[in-house]
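In the form predicted on its own, a lone chain appears below as structure tokens.
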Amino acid sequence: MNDLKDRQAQLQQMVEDMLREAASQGASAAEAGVNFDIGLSVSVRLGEVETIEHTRDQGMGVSVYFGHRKGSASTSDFKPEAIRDTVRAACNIAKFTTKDPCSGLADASRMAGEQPDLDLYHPWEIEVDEAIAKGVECENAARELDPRITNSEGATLNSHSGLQVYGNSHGFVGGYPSSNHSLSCSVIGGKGDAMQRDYWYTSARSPEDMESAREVGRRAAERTLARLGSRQIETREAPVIFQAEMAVSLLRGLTRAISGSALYRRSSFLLDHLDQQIFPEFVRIRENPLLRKGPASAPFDSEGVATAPKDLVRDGILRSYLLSSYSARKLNMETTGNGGGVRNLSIDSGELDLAGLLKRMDCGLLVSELMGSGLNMVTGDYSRGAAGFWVENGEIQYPVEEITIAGNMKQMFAGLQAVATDVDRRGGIQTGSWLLGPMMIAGS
């Protein structure tokens, strides 16, 4: 712990040195960030080691302002002379940039004061031999589950720890350590041309919170086996359930549509929808950047602005955009503390689990895989390749593939019927499965 504190003190000193250097070179304001990261990645396939990577990365960047002119530069060299050269480069760039009245630091009054410990740092002192053993155990659990699992794309274990510090000429300097660890496995099943693949992974701040290696392998194999015998279906219109891992993409579409950059460029299908109904009344979507051990938690955003929990959607009504200080000025609004993006977004679940959601749908499509990127951000038109399962009488009948689902995201949001309790908690956007009204399903 003392080594961590010493390292953080060193990075804070670098940030302060950069800010002082910027002031000495005539900048009216400046902001700087420094990061230091270490990691281990081990991949195995068919019981043999494929790759072992030790990573050790560092970098620092600075943005300087001469009035409303901005220049930025970065380096991975931590020597004192590199700090001076990097700041000088940023100052030289600023001299040639166009004035932008919206550029500049976030308001001083919005800087984070107290910085709570969010329990984000749980380093994993795992040796290479142990990492290899976990990867092999994971893959073996998948390969040994059923003789129809005929091949493997391997298992990969990643362990990462880092420290980041940010400061600006308002006098704000803050930093915190964090960690993230994951284990994934992908296998192939079937015979001849009738092959299918699928995967599973676990991810957490602390290794103690991850699923076991055997559980990850077992789930990867079960998901692959469930897809064997996939077929096409005829083109039709039917209700659709987006399985939890796929429903994440729908919430990601929402965040893109209400982000400041899309709004001030007038390239969002939710332009001018603040305080309007966009979901049914039962829907509540919120952000909690202060969630302890949260996968995207942070006490302040990328501009030093204090983060705080808030509702983005309440009673189905859009209550907040996602704004940095720059996008807020472009829109004549206030920053929402979302410089750098959204942190720990979730939607409230209902009372049904996935099985209950299937019964409520009765007949329709359960989507378990999406392909391509088919969202028009201006119109909301949505079209993506998909695979999943056809459902009748509330029960899965058979797997389907080579289909396309299409609709309009505004109508999909408005047509949300229920959110299940099977919440996928592995990432910064967390949701259960969504039951939507009828969508066009293009097949054979």
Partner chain sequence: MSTTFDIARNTLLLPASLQDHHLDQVMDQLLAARIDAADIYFQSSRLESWVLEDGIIKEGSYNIEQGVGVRAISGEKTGFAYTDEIELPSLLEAGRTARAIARSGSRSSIRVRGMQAGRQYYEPINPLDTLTENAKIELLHRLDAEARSQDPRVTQVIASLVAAHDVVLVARSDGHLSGDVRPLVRCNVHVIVEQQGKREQGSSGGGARQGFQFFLDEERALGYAREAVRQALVNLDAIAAPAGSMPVVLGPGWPGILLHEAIGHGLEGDFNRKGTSAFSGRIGQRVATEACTVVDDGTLPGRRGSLSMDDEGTPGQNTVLIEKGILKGYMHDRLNARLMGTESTGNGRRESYAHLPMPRMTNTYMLPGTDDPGEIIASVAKGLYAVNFGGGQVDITSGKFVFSASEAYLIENGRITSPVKGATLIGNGPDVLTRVSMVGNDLELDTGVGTCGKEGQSVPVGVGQPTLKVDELTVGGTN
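Because the structure is predicted, anything quoted here is derived from the model rather than measured. Positions refer to the first chain, counted from 1.
One more form of this protein, predicted together with the partner chain, exists but is not displayed; see below.
Participant: Considering A27, A386, M409, V419, which brings a non-hydrogen atom within 4.5 Å of the partner chain in the predicted complex?
Facilitator: Checking each option against the partner chain in the predicted complex, the one that comes within 4.5 Å is A386.
Participant: Want to guess which of 69-77, 355-363, 242-250, 213-221 is within 4.5 Å of the partner chain in the predicted complex, heavy atoms only?
Facilitator: This holds for exactly one stretch, 69-77.
Participant: Answer yes if any heavy atom of R84 is within 4.5 Å of a heavy atom of the partner chain in the predicted complex; otherwise answer no.
Facilitator: Output for R84 is no: heavy atoms all beyond 4.5 Å of the partner chain.
Participant: How about E395: is it within 4.5 Å of the partner chain in the predicted complex, going by heavy atoms?
Facilitator: E395: no contact with the partner chain in the predicted complex.
Participant: Spell out, yes or no, whether the shortest heavy atom distance between K330 and the partner chain in the predicted complex is within 4.5 Å.
Facilitator: Yes, K330 is a contact residue.
Participant: I'd like to check something about N151: if you look in the predicted complex, is any of its heavy atoms closer than or equal to 4.5 Å to a heavy atom of the partner chain?
Facilitator: Because a heavy atom of N151 falls inside 4.5 Å of the partner chain in the predicted complex, the answer is yes.
Participant: Check each residue of 90-128 against the partner chain in the predicted complex and list those with a heavy atom within 4.5 Å, in sequence order.
Facilitator: Read in sequence order, the residues that approach the partner chain (within 4.5 Å, in the predicted complex) are I93, F96, T97, T98, K99, D100.
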